[in-house]
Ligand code: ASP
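Have a look below at one chain only, the form predicted on its own, in structure tokens format.
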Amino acid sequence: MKRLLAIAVAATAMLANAQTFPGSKPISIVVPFAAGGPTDLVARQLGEAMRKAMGGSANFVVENAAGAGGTIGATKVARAAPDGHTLLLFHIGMASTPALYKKIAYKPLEDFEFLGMVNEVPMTLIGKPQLPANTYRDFENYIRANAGKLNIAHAGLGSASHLCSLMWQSAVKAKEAMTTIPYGGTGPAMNALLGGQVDLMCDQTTNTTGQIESGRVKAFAVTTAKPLSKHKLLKDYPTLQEMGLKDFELTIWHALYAPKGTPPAVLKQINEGLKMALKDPDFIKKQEALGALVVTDGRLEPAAHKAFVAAEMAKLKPVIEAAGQFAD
């Protein structure tokens, strides 16, 4: 009897919370990375857009909980009270960390409520300016002619550039032809490329567009399924699919999550606020300035968002496991 009473009280409290949400309590968007990075910028811009979309009744604050490739922040949200006041903004790491880390304290597909996708950032395959190749086909031929002599940089285990490096090397069967060199962040990796210490890198347009435009690096291809026809700088570069790498597609996406058990009515309010925020012209403009494409398709719905993440996990797991590059 006491247990039934406790369940009834808890259910009543959850219903009351759903009816008054968001109330005066701020909504924290946990970013599992340091302040100032791409994910942090997306979170701050999204929080402001969602505040406006929800009529100014919701006060969004960004909380940085960096470390262990994003798993510290994700764990924090998985263990948070399921009342809608603690959300997680995570990137492709939501799909890659289960394969990269031997043990994590949460299950991505079981411990979160999926709220919807936010954006996607294309990636570019770039090389140092001293490389003799000027097209992707010439570059691929150059790799094969110089097997064992070239190297590719990335920004650290689990980074966007690391995942792209693994996928590309696997697709072109160049794993044995190149040496992978990890760095402690995008800045050091890019500096090594600019200085000619490494030959190649694959990274987000957020980090590469300026270098390509200035001529400090050579660009060979983009990682999207279709050409970036609307991108003023990258519209003429081929996709890796066009270059014969069947089904090669990799974008660094961001999406929003809540702790498992958050009331459906609260989830609906947040999802509706997210959809409205992604139509905000100011938010779209800011995302385009970051080189990001705002999601407008069915992945704004929780079920489709979850299915997409599951598919990404299935795609990345064999590539990561084959590379044998894991974190403790």
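Note that residue numbering begins at 1 and tracks the sequence as displayed. Keep in mind that what you see is a predicted model, and the values were worked out from it rather than measured.
There is also a form predicted together with aspartic acid; it is not shown, and the following applies to it.
The partner is absent here, but in the model of the complex a heavy atom of Ala155, alone among Met178, Val217, Ala74, Ala155, sits within 4.5 Å of aspartic acid.
Checking Gln169, Thr251, Thr97, Ser159 for any heavy atom within 4.5 Å of aspartic acid in the model of the complex turns up a single hit: Ser159. Taken together, the three residues Phe33, Pro38 and Asp203 all lie with some non-hydrogen atom within 4.5 angstroms of aspartic acid in the model of the complex. By the criterion of a heavy atom within 4.5 Å, Thr186 is counted among the residues contacting aspartic acid in the model of the complex.
Only one listed stretch (178-186, 228-236, 140-148, 109-117) carries heavy atoms within 4.5 Å of aspartic acid in the model of the complex, and that stretch is 178-186. Residues of 81-95 placing a heavy atom within 4.5 Å of aspartic acid in the model of the complex: His91 alone.
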